[in-house]
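Consider the single chain below, provided in structure tokens and representing the form predicted alone.
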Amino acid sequence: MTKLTLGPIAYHWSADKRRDFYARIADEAPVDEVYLGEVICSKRAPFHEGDLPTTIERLERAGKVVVLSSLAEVMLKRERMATSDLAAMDHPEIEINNAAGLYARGQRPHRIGPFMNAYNEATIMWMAGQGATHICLPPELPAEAIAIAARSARALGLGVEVQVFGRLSLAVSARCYHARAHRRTKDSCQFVCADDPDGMPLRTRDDMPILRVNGIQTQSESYVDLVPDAGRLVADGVTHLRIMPQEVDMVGVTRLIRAVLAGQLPVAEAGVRLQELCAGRQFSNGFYHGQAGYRRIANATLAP
């Protein structure tokens, strides 16, 4: 059966908000696996890492598989140490998002996150040889490339994951644009990113929304929506569908997507309900259909 996963929170949410969020996920959300951990900024980690043992225990008690995700960018000594400590763990599973994590993990089993460039069969084969058991493909791959990568990964016994909901991560940088936009340095940011729990919007000179900034991360302005394409993804060998946490009713989103996968909710009706749950947000699927990522291709579900 196709697994539904919840990716790690990308934003600087407060500890209380995170605790409440994961309590609801544990008790109410029909997801199979949950990724935890700080992926974007190591400075944020102390605010919530003390809650990890309790959160892990509660999620596992609810029947969820827990995976700990590593930082997407490792530059400082404390980040190398944190990555090394994570790589040394035997439980839970870990997801590696940076080459430093690969080095620290060696050939012990691990997952590959979407920040690693698993674009082709040769790379996937190499990663499998280094101990990868599961790969989350980069979000900009079109349907045909996903199918090729998924076939290669499945032939090697790897799980294959694709993001089907939420803002896409487009880039990470050594600098924190979030701090710079507020005339602060990265080291003296005063955690201004906490003011934007769904990312800081960027607009063009024509006042059109174009991107979101989240600390060192650049995200899409729109939420990707590949729910109409879930059947094709599964047919092409994708085993896990990833949902990224956003500032909306995520329990409602997970229930909706689960209902579509179970054949209990027509895709067209699901689209209407998703718009209601994410009022005011734009949706996109351009990358999957081989076009500019920000585009929304209506009624473009590909036949298996």
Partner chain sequence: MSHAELVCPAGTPAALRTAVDAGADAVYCGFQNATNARNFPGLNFTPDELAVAVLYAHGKGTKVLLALNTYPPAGKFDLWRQAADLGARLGVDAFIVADMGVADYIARAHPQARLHLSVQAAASTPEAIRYYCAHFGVKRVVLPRILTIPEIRQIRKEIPCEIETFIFGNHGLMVEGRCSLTNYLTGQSTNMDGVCSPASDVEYVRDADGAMSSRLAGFTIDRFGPDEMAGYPTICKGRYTAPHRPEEYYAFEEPVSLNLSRLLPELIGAGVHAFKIEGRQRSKSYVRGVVAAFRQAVDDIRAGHAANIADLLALTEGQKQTQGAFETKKWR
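Positions refer to the first chain, counted from 1. It should be emphasised that the depicted structure is a prediction, and the values quoted were computed from it without experimental measurement.
A second form of this protein, the form predicted in complex with the partner chain, is not displayed here; the remarks below concern that form.
- The chain is drawn here without the partner chain; in the predicted complex, the stretch among 85-93, 203-211, 229-237, 154-162 whose residues come within 4.5 Å of it by any heavy atom is 203-211.
- Shown alone here, Asp198 lies farther than 4.5 Å from the partner chain in the predicted complex, counting heavy atoms only.
- For Arg108, no non-hydrogen atom is located within 4.5 Å of the partner chain in the predicted complex, even though that partner is not displayed.
- Although the partner is absent here, Met75 sits close enough that one of its heavy atoms falls within 4.5 Å of the partner chain in the predicted complex.
- Residue contact check for Glu221: one or more of its heavy atoms lie within 4.5 Å of the partner chain in the predicted complex.
- Shown here without its partner, the chain carries Met1, Ser14 and Leu36, none of which come within 4.5 Å of the partner chain in the predicted complex through any heavy atom.
- Heavy atoms closer than or equal to 4.5 Å to the partner chain in the predicted complex belong, across 98-112, to the residues Asn98, Ala99, Ala100, Leu102, Tyr103, ordered by sequence position.
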